[in-house]
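We've got the same protein chain twice here, in two forms, each standing alone as structure tokens: structure 1 and structure 2.
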Structure 1
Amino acid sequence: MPAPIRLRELIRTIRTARTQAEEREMIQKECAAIRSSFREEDNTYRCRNVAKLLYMHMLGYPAHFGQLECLKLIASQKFTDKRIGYLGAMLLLDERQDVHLLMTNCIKNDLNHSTQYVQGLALCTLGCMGSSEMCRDLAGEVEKLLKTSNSYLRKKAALCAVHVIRKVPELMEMFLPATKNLLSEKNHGVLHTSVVLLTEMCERSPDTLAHFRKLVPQLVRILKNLIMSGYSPEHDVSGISDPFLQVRILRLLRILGKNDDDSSEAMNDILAQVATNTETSKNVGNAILYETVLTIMDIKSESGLRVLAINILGRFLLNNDKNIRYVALTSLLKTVQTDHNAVQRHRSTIVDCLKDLDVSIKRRAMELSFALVNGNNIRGMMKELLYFLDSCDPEFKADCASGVFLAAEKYAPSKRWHIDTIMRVLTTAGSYVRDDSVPNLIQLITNSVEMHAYTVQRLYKALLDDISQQPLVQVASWCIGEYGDLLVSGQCEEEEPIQVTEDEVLDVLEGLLVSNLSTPVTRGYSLTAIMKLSTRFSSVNRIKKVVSIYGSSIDVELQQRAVEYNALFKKYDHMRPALLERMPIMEKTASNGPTEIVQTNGETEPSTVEAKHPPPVTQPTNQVRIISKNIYCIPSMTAYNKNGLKIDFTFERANPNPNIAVITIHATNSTEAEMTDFVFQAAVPKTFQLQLLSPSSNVVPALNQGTVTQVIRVLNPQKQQLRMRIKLTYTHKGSAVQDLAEVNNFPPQSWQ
């Protein structure tokens, strides 16, 4: 049989292929030749054939038939064969295939080989794809190599030990004595891998964490030597001595110093030195400074040191690199609650980031800006945020409008300013506001008795300019219905009153009823407003005529409303003035029902939803209905509880569209390690429509110290029983976790 072509020739040949089909034909032809060679047990060219097979595997073609050949190469005595064999095993085998167990004996022999490079190959392979069975069998050999004097083998053994601990956590104690001694090594490679091993151990076991806290002075000394050492060409990266090792040590110090006063005290000085002595002109220095900031924020550091860390983040905001600006905004968002005043100093820089072209930076800057709003800066911050709301992309408008509403409600300096601000939001982004914004503004206006004339005049002017923003039109219709007499009489004192006649007001409301821009809900508001004006205006005959026309409307809701109002004119006319009198002041009362999750600085805090009760109306029959908002008290439920992760659902349903159920998920983590990269996904049957909003965070804190929330909106027009399939993915203790679950036990109130 002729000698097979070399790997270089195969690569050159494949690269000459002009089409995918031509390349596929070349690969198939070569695979057939390799198979024939394997069947004939050709030992001479086995190494060459497996190397070519690995190249094909990298191109995406099947190469599983070469698995056993890799094992034969591993068993060979030649180093070149072993190298390709182990590489093939790492690429083609994993612990899900039983074939890999056949390697155990070969790896054990090679771990005791006389040549360090063969031992290194075995350690790399075990650390890459060793199963829990292999790790149990070979952990003793790895521990022996950790104690060897050869630094080349010690660094590889340390990384292999990390994999062993991940696979079999109970073997951690075996490596404790050897790991302590690694920190006294001068070789940077060994130091780096030993810090990685220590970090893995501390993250997995609280007992080990407490045991290794006494190593803090030694780690501080190593870090000090790194930042004080002169130029070393072997470790220098952009003028900084071994930044990779510095970053690893800072991460380990962060873990060791968390919730421990003594350890934190021991590392305060070195963190201050790193923060002040690190060069910031290169990205390498910025990486070290970022890790330093995270460490300062996580440990029990001094207040001056925390201010220094926030000032570093403030400098990052001025950097031209978008990634650095994003990292700074995200970090400031996490620290704004604990160090509010220090972050406030950088408010102008943060607000400038709202003008950035990058959408992720804009979103982070918007969230941070809302977190910085307080009673002292509310006017200035709202001016900037309203300007941002005017010019931002549609994807930001809903979140920005919600943030403005919450901030205005909490810090409004006056009722007029509050009303003006919310009207400005409805004018510029009315189509994007939350469903509860209309009843909330109505309640605010009702309770501001002295502002009724001013508000109705402002809203009437807004209607004349634009009727496309439906929430604004609904509020304006309601106000004109309530306070139309104040509008016509010109009683506004806050600004120059306008001259309006009754017919002009009715013309505007009738225009809303026939406008193509009006939704059915808006038409309902307009018809009710016209009906209410029958007790405030003298044009009763005109109003009767309008109401009777809509008694035959094709919109069933509007038709029913008109029929009921007609009944008021005919059968209960003597009660009409009492029924349609002005709404009394609405009192806010705490509800025992659902809780609303208010997003602040990337975290969440539950706050009781205030129920907006409709004003008392004496009704002659149960047919007469006035537009109001009802929030139903729906019991919460646990949708998922497994492996320390608990998912609770709370529910809310509100008019004007009771077909929509608003579900808020609350994810908590009772384990000792945080769950990162958390993603919640949901699917419902085709008869439903589902909208999944952004989560408050993608990290679920450990020991139930925080909650991740996410809002789901489910449209259920057919009022069918709600069923949902959820998918959860997250990273826990270095391992990716994915799980599916069915949720079928929703409370009937959430879908009926």
Structure 2
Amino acid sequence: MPAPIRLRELIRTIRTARTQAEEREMIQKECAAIRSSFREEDNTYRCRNVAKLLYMHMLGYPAHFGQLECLKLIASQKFTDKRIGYLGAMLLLDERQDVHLLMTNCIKNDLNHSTQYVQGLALCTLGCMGSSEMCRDLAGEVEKLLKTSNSYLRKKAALCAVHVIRKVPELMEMFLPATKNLLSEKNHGVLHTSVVLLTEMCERSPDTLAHFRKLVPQLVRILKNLIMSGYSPEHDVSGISDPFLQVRILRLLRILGKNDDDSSEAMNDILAQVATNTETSKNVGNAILYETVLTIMDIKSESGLRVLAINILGRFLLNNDKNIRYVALTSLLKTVQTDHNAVQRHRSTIVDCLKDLDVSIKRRAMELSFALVNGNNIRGMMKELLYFLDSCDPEFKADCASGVFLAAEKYAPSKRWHIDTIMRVLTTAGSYVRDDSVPNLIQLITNSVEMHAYTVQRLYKALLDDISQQPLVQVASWCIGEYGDLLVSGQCEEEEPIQVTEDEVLDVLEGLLVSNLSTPVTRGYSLTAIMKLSTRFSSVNRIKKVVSIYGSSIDVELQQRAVEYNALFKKYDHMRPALLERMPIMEKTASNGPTEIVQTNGETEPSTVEAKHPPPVTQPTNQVRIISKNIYCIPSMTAYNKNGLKIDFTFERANPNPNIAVITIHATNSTEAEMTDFVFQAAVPKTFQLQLLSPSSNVVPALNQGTVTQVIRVLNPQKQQLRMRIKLTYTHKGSAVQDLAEVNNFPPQSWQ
């Protein structure tokens, strides 16, 4: 049997293949050879064969038949074998297969090997892919190595311990004693990995965090030495001494200083020092500054330091390096709530970033811009944001339009300005506007009584230009139906009134009915508008004709409307004026789903009770038919029930945005002692966004004598399944209680 070809030989051969088919053939041939070699239990060439298999695996070919061979290599005494064996294990095995457990014993032996490089291989593999079972079995060995004086092994053991803790959090306790003098190490590798280990422990357990707060002075000293020390070639990166270690220390300080005045004070000086002295010409310096800023913002730093941090971010925004600008915008977004005024000072720079070429930067700039809009800057900001809306990519338009509407509603300096802004959005980004904006806008327009003439005129003119953008067309149709009389009588005060006849208006509306661009919903709007004009215009005959034509429309919706309107003309003409009267001011309905605003004027006939399906599109108010209120009933649920504390969730849909679920938590306490300092916190997966409003109280009375309520708003634009992790802390009978729980039993209606 000739010796199997060498690895490099194989690579060379495979690379000569000119087609995928040729490559596949070569691979298959070689795999067959390797398989038979494995079958013969050939020890000499096993290593070579597995290496080749790993190469072919990287090309995308199956290599599972080599898994056991990796284990045999690991068990071999030869270092070469072990090296490839462990590499193979990390590439081919994973914890889902039971096979991986066979490694455990080998790893255990190798952790105690006489050669440190073999021990290193074992630690690396365990720390990279060890399953929970393996971690449980081998934690003791790792702990032993964490106490060794061999820095090569100690640093690896520390990171291995991090992995063990991540996999089996309960094992964290056993590593605590070994951490005692980790920070007194001189070796940077050990220091770095120790800081990582301490960070992991502090994040997982508030008690451990409290315990390690005493390390703050030591960490500050180490950081100081790094900054003050002279040039150290071994750890230098562009003139900065061990930036990796600096960043990790800053991160640990952040965690230790959070919510703790003393620790925060102790690190104040060093943070200021790092913030002012770090060289900013290269990325590495900025990486440290970035971490410093994050730390300053998270701990209880004094205001001067916070301003310094925001200013650093402000300078980042002006940096030529787009990566730095991106990072700055991300951080500013995080701090805009707590340090609003400081961030406002950089508003103009942020707005400039809207013009950046990079998509991610643009998105962040947009989000941040909306966050900064207030009553004082609304005019200027809106100008920039509308300009952005005009020119941005389609992926931004929907969010931007929604943001503009919200901001305009909140801060509009005048009704005229408000209507103009809405018009601008509808005409420039009309097809991207969310469907639920239409009823909102209609309500807004209806309630701006003095602007009716101006609004209908502008909308009419917009329709003349373009009838393709459905939200615009729908709003325009509605307005023309309502205020068409103002349009033809030329009553506009705000601008030059246009001259338009009743026939011209009806032409436009009828045009919408027949146009291919109009959706069925739009057609419904325009037919109703035409009907309403029968009490506002004199050309009633024309309208009667249109209505009767559509009485035989294929579209059932249109047909029904037409038939009913026809009936109005024929049998109920005396009621027609009253029914089609101008809409009164509408009050914004409180939540409870996509309700349709029910309006009835006098009796209605025939009583067509129409059950509407849930959104995306809600119909406008229509006085002829009674449209039943569609209360979106979402059942309530118990999210948590333990140790006498019960938390129920009740749901509402926030109108008008169906993507927001409004959850009210109701906390009750069945024990005989009250629960004080009650704090409810919640976390959701990243595709969601969450807002928690203030609770009704911090005390849950005993024996179910009262309820603490709190409102959560969850934005779920991707309509993903809602999941939540909740954290409860309270004091009960003198002792502090804390619990974490997952909530997965949300009813589908709450997120669909």
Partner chain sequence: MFIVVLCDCLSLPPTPSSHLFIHISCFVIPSFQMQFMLLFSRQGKLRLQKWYVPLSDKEKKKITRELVQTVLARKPKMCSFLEWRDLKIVYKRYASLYFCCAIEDQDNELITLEIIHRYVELLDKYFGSVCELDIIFNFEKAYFILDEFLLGGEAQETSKKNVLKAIEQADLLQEDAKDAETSRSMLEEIGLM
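Since we're looking at a predicted model, the values are computed, not measured. For the two forms, the rigid core is made up of the largest set of C-alpha atoms that agree within 1.5 Å on superposition. By convention here, residues take numbers in order along the sequence of structure 1, the first being 1.
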Quiz prompt | Number of the structure representing the form predicted on its own | solution = 1
Quiz item: Once the two forms are fit on the core, has residue 380 moved its CA by at least 2 Å between the two structures?
Solution: no
Self-check item: Is_shifted residue 140 between the two structures (CA, 2 Å cut-off, rigid core)
Solution: yes
Self-check item: Shift of residue 666 between the two structures at or above 2 Å (CA, core fit)
Solution: yes
Practice problem: Would you mind giving the Cα movement of residue 156 between the two structures in Å, after fitting on the rigid core? | Solution: 3.8
Quiz prompt | Value in Å for the CA shift of residue 49 between the two structures, taken after the core is superposed | solution = 7.2
